Every structure is written in C-alpha cells, then in structure tokens.
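So this first bit is one chain, no partners, the form predicted alone, shown in structure tokens.
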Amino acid sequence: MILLNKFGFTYLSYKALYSFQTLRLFILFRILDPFMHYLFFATLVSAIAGPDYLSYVVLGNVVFYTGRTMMINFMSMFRGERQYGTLELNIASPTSTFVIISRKAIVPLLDGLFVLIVGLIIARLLFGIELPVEQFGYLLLLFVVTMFSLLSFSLLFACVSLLFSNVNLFLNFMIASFQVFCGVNFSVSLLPGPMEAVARVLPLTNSIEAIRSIYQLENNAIRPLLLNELMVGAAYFIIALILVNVMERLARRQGALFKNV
C-alpha cells in the first residue's frame, strides 16, 4: 500500500506537470528535438573543422542536452507548483518537503536517463559513433554518476529559481553558461584559468570529458573524472538539502515563501 501511494503520487505529478502526455508530443520533444540539436552542431563543426571533430562535439552535446532537459523539467515542476499555489501546500504538509520533492523527481530523472540513452543511440546509428564494447561497464557507471550529479544540481537550480520573478531568463542564462563553460563543443583547457576553475565545479564538465575518454576520443583517466563528478554532485546535493530545509523553516515562520527579486 505504501509503494502504491508513492507511485500514485509520482504518476499524478507527471500528469499535472508534463505537457507531452501523448506519444506524438513525446516523440517530438524527446527524439526529434534532440536529433535536430545534434544535427545542427554536427553539420556546423563538419563545415568549420572537418568530420574528424564530429564525434567529439556530438558526444558533448548528448550529455549537455540531457542536463538541459533535467534543468527544464525541475524548473517547470517548481514553476507549476508556484503558479497553481500547491508549493505552499507542500510546505504546510506534515511530510518533509524534501521527501515530496524526491518523489516528484523520479519522473524528471527517468526522462533525463531516456534522453541520454536515445542520444547515444542516435550517435551510433546516424553519426556512426561506435561504443567500445570493453568500456561498457564505465558507460553504465557514467549513467549513474551523471544522473546523480544532474539531479542534485537541478534540484538546487529549481530552488534558486524561486528567487526570480522571470525564471525563463534565469533558465536561459544557466543553459548558455553550461554550453560555454562545460566544454560541450571544445575542451575546457582552452578556457582562461579562472574560467576553467569555474568549469570544474559545474556538474557536466567531468561527465563530458569522461564520455569522450570512454569513446577513446581523449586520453584522460576515466575513474578520477567519474569520482570528481560524484563529488561535485554530492556537494550540490548537500547544498540543495540545506536550502530546502531553510526554505521550509522560513516559510513556516513567515507564512510565505521567498520574495521575488
């Protein structure tokens, strides 16, 4: 009965917050849209730097698009709660706010995992990027670590977005920052020192370098990269946990959530 309630809660959250509830919309948003994104950067880099650089850019964009999807999902979840007034009800609920958010995070997490897997399939079938079979174990580990890191950052990102009246502006700024600082289309080692230091504490940077190393496009050690990504994800998770608790206490004390800035 407890499991039934948990899954029912997750299903209701999906029906309430996700717009693509039909197969046609799902294919459009989760297969065609990422395909066009990869195709755009693949053709662009082929025209500028030649086809040898194509695999490097496509794999970087597969991981980036996964992160972008999860950030949008979490922000939409919080924005919907805020818009329809249910966020305050979550705070007032006897159940911990973090537990409620964690249950609702199941769907965005599965959605992001689906986008990542479909992206790698598109990379294999349409761009001819073959996965080295001997590295399959590292790829599974990359899935777990990257999903945890993205989940932690997206949770923090969604909480911080409550501070802004125009959350779309905040979202676009973060997406653009990730595309520049995380080494999606070029190595972060090309960035100036301070900017590279910023890139190293963002959740996608190590994962992108790790997946390129798994596909043998770079010669970096895979385990340290995955460990760094795990530590970055753990740091964001702890910060998000603290922020949610602070938000809950302030809301109970003041009778309102954060004010817009």
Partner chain sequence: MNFFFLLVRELKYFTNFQNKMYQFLLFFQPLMFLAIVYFLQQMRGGVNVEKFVVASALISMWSYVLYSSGSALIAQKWSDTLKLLIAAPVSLFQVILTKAISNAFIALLSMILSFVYARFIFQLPVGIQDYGLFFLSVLVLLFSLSVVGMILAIVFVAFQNVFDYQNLILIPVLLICGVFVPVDSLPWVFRAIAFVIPMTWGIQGVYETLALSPQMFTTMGIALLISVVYFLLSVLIIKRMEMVLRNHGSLGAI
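Numbering follows the first chain given and starts at 1. Quick caveat, the model's predicted, so the values are computed rather than measured.
Missing here is the form predicted together with the partner chain; even so, the following discussion is about that form.
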task: Report whether all of P132, L141 and F143 sit within 4.5 Å of the partner chain in the predicted complex, measuring from non-hydrogen atoms.
output: no
message: Given the stretches 114 to 122, 100 to 108, 180 to 188, 150 to 158, which is the single one in contact with the partner chain in the predicted complex, using a heavy atom cutoff of 4.5 Å?
response: 180 to 188
- request: State the residue from A197, A221, A234, L44 whose non-hydrogen atoms include one within 4.5 Å of the partner chain in the predicted complex.
  value: L44
field: Answer option from L217, A49, L230, V201, heavy atom within 4.5 Å of the partner chain in the predicted complex
entry: A49
- prompt: Could you tell me if F26 has a non-hydrogen atom within 4.5 Å of the partner chain in the predicted complex?
  reply: no
- request: Evaluate N172 for contact with the partner chain in the predicted complex, applying a 4.5 angstroms cut-off between non-hydrogen atoms, and reply yes or no.
  value: yes
query: Should L126 be counted as a contact of the partner chain in the predicted complex, where contact means heavy atoms within 4.5 Å?
result: no
